[in-house]
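Only one chain is given next, in structure tokens, and it is the form predicted on its own.
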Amino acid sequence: MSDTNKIPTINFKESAMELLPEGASFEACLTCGLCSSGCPASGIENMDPRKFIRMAMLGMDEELSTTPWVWCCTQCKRCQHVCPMNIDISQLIFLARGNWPLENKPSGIVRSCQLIRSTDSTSAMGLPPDDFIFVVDDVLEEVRETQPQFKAMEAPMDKKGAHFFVNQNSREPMNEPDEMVPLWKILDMVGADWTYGSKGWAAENFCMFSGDEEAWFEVIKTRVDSVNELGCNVWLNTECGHSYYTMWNAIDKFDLDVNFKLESLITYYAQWIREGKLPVNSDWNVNKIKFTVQDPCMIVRKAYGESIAEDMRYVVEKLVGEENFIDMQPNRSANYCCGGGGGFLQAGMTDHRRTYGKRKFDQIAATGAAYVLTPCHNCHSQMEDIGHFYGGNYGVVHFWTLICLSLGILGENERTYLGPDLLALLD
């Protein structure tokens, strides 16, 4: 980030009043401090949520317009969750981010947004449609050849009228293509009618995090058009947290015409287990390995709420055994953001991000769990990083990995995130 003198000044009090719903008031802030005590970003850059609001009400616009803290706040909305007056500070953070000139914004977030807009894939890594199709076909061919029980498995592309339009985080086809396979196996086992779209297949969206409404709209419009054109009934969000929030929030914000529903794969994991389509059990966990779960802010507190948090716990307990699941405290909608969201991972502010993540590390360490399960790539990367940095002794795994492990169908190339204790059970 360059010279902050180039950043225009916002009238935060005036803007705050315009953002509020009818009858609400930022003047209602009780200065109780609940927001700051519950915010892992408090103290970074000498700022916290309560201070931000009070400075806005006092007209300290230049200071708020230029503080780098707006890039440390992950917009996780935990401050609003605990606020007795329901004050939403994240709206002001979004406004402040959008006010920064492009050259002043964190280059990693800007670059990710530019790459998303560079192809019809909407991939933050810039993977174009033809390359995505090639990777999918190549990996599928290998699985069919090396795993005979899946010789008839499909990974459809641009299938008209499929029930599910499935998205994928770009990390898989770009860097970890074998990590797509457990998802395909699950969809194959339950007999799902699904497809990828060559256009709009990617899940991530850092344009929203950059505060660029025009770019955010453009990306979501490409994805919506792709699903509508294929005539799919459900846009199925896979294990990527912010992609769900950026999609449904934009559809509502920009009043987009959609002919499909938005759903999370987590709810279907739970449904398919209840229906017996995924006959998982915890018999494999003979060594009573302990697990905990991270509630991604974007799909729990900011989207589904407690229902998806309960589905996650139902799935985990079926996979590892109820006695081997240890919940973090606090949890569900009250859980702390890990510090990986809001573009923080791409912001280049590593020291700040790890400072933020210390509270999450302490939460995980307190459980004594050997593994953390989370349906979010940003959470996954952040918790791995802070674990290494602070000397943790835990691993982070995808749900799809543990589901396939439980079912006895996890291939040799699909075990990247398993530690020696889990690998030993597969020998």
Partner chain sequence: MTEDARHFKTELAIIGSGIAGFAASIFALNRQLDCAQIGNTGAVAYTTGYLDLLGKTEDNEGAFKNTHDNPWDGLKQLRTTHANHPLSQIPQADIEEGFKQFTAFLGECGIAYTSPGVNNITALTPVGTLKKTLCLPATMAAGPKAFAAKKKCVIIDFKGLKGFSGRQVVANLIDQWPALSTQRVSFPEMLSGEIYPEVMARALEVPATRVKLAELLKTAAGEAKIIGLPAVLGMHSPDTVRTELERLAGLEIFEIPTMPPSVPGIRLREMFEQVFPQKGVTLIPQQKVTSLTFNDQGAQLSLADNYGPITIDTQAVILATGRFLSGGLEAHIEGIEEPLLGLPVTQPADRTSWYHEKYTGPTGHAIHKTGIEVDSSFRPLASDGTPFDERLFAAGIILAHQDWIRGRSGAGIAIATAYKAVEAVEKFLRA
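Note that the coordinates shown come from a computational prediction; the quantities given were computed from them, not determined experimentally. Numbering follows the first chain given and starts at 1.
Absent from the display: the form predicted in complex with the partner chain. The rest refers to it.
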Contacting member of 133, 190, 215, 82, with respect to the partner chain in the predicted bound form [4.5 Å, heavy atom]: 82
Position in contact with the partner chain when the complex is considered in the predicted bound form, options 280, 262, 153, 125, heavy atoms within 4.5 Å: 262
4.5 Å heavy atom contact with the partner chain in the predicted bound form for all of 169, 398 and 426: no
Touches the partner chain in the predicted bound form: residue 377 (any heavy atom, 4.5 Å): no
Distance check, residue 258 to the partner chain in the predicted bound form, heavy atom within 4.5 Å: yes
Exercise: residue 304 in contact with the partner chain in the predicted bound form, heavy atom 4.5 Å: yes
Distance check, residue 66 to the partner chain in the predicted bound form, heavy atom within 4.5 Å: no
Stretch from 53-61, 398-406, 358-366, 378-386 whose residues place a heavy atom within 4.5 Å of the partner chain in the predicted bound form: 358-366
Sequence-ordered residues of 237-256 touching the partner chain in the predicted bound form, heavy atom within 4.5 Å: 244, 248, 251
